[in-house]
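This document opens with one chain alone, in C-alpha cells, the form predicted on its own.
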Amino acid sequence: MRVALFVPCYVDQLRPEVGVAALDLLEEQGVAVDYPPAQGCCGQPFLNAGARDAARRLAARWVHVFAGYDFVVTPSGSCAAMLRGHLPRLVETPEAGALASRTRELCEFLVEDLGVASLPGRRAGRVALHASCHALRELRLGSPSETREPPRRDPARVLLEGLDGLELVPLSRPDECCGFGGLFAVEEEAVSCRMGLDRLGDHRAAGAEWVTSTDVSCLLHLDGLARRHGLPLRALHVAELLASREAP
C-alpha cells in the first residue's frame, strides 16, 4: 500500500509539529509513508475566495504530485473535504476523481481504513473535542445536530476515548462553528471573534483544560482568542494528543 502524507499550508508554516505527529502515528501502524516534496497548496483558500481559475491550477498540480498513491492522508478535515468534494469539479479527469476518493483525514484513515480501535499509552487531562465544520458536515465524520440522519461515529472521538487517562468533557453545543471560516475571520473579524469566544465559553463551562480538533485552522483561531483574553485553555491537534502519550 502506497500512502502519501499531505501537509496543508498552515500546518507547514505555523504548526509543523502536527505533520510530524501525523507521520509518527502512521508509521506506528506499520504504514510506509511518502512525503512528496513537490507538494503545495490544494487550492482551498482560492476556491473559498471565488478565484476558481487559480484554485483549478493548484488542484491540477496537486493531482500531478499525488497521482499513483493508494491513499493520500492529511491531518486536516478541511483540506480533505476540499479534495474529496471539490477536486473532481475543478479537475475533470478520471485520475482526479479517483484520487479524490482515496483522500482521507488522518483519524478517518486510522479508524476506517486501518481498523485502529485504540492506541497504547496514557494521556491525562480533561479535553474538549471541537468538531470542525468541514470534517463534520462535508466528510460526515460524526453526526451534525441539525440533521436527522442515522448516527455516524467520529473517528477522532473513537481514538481519544480509547486513550487511557484522557477525559473527553461533554459540551452543551458540541458541533457549533468556532467562527474561523478562512476568509470569514478576516472579512468579518468581529463576528468571527464573538463566535470563537462563545465556543471557548462552552469549553470552559465543561471544565476542559485543552481543546482539540482535526483542524489546525480552528485551533489557531481558538488558541489566539484564549491567549488574548487570558483564558486558561490551550489548543492541541488530535494528532499531537495521540502521538505524545504523556500528561500535557
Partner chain sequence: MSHSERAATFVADAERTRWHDESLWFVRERRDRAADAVPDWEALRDEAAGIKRHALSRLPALWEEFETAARRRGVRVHWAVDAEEHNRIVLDLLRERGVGRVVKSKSMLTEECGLNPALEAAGVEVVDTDLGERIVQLRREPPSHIVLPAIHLRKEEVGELFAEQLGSPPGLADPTELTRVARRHLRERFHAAEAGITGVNFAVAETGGLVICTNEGNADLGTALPPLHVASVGLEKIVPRMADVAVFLRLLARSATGQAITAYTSHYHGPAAPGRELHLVVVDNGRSRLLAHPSLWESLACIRCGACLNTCPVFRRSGGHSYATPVPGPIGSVLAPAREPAGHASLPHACSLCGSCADVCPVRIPLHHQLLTHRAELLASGLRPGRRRRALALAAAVLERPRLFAALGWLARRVGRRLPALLLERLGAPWSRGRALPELPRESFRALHARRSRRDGR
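What you see is a predicted model, and the numbers here were worked out from it, not measured in a lab. Positions refer to the first chain, counted from 1.
Only in words, not in the display: the form predicted together with the partner chain, which the text now covers.
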Option from 92 to 100, 107 to 115, 121 to 129, 143 to 151 whose residues, in the predicted complex, bring a heavy atom within 4.5 Å of the partner chain
143 to 151
Consider Leu47 of the chain shown here, and say whether it contacts the partner chain in the predicted complex, taking contact as heavy atoms within 4.5 Å.
yes
Can you work out whether Cys133 and the partner chain are in contact in the predicted complex, taking contact to mean some heavy atom pair no more than 4.5 Å apart?
yes
Counting only non-hydrogen atoms and a 4.5 angstroms cut-off, does Asp198 reach the partner chain in the predicted complex?
yes
Any chance Phe180 has a heavy atom within 4.5 Å of the partner chain in the predicted complex?
yes
With the distance limit set at 4.5 angstroms and only heavy atoms considered, check whether Met1, Arg157 and His237 all reach the partner chain in the predicted complex.
no
Residue by residue through 62 to 91, which ones have a non-hydrogen atom no more than 4.5 angstroms from the partner chain in the predicted complex?
His86
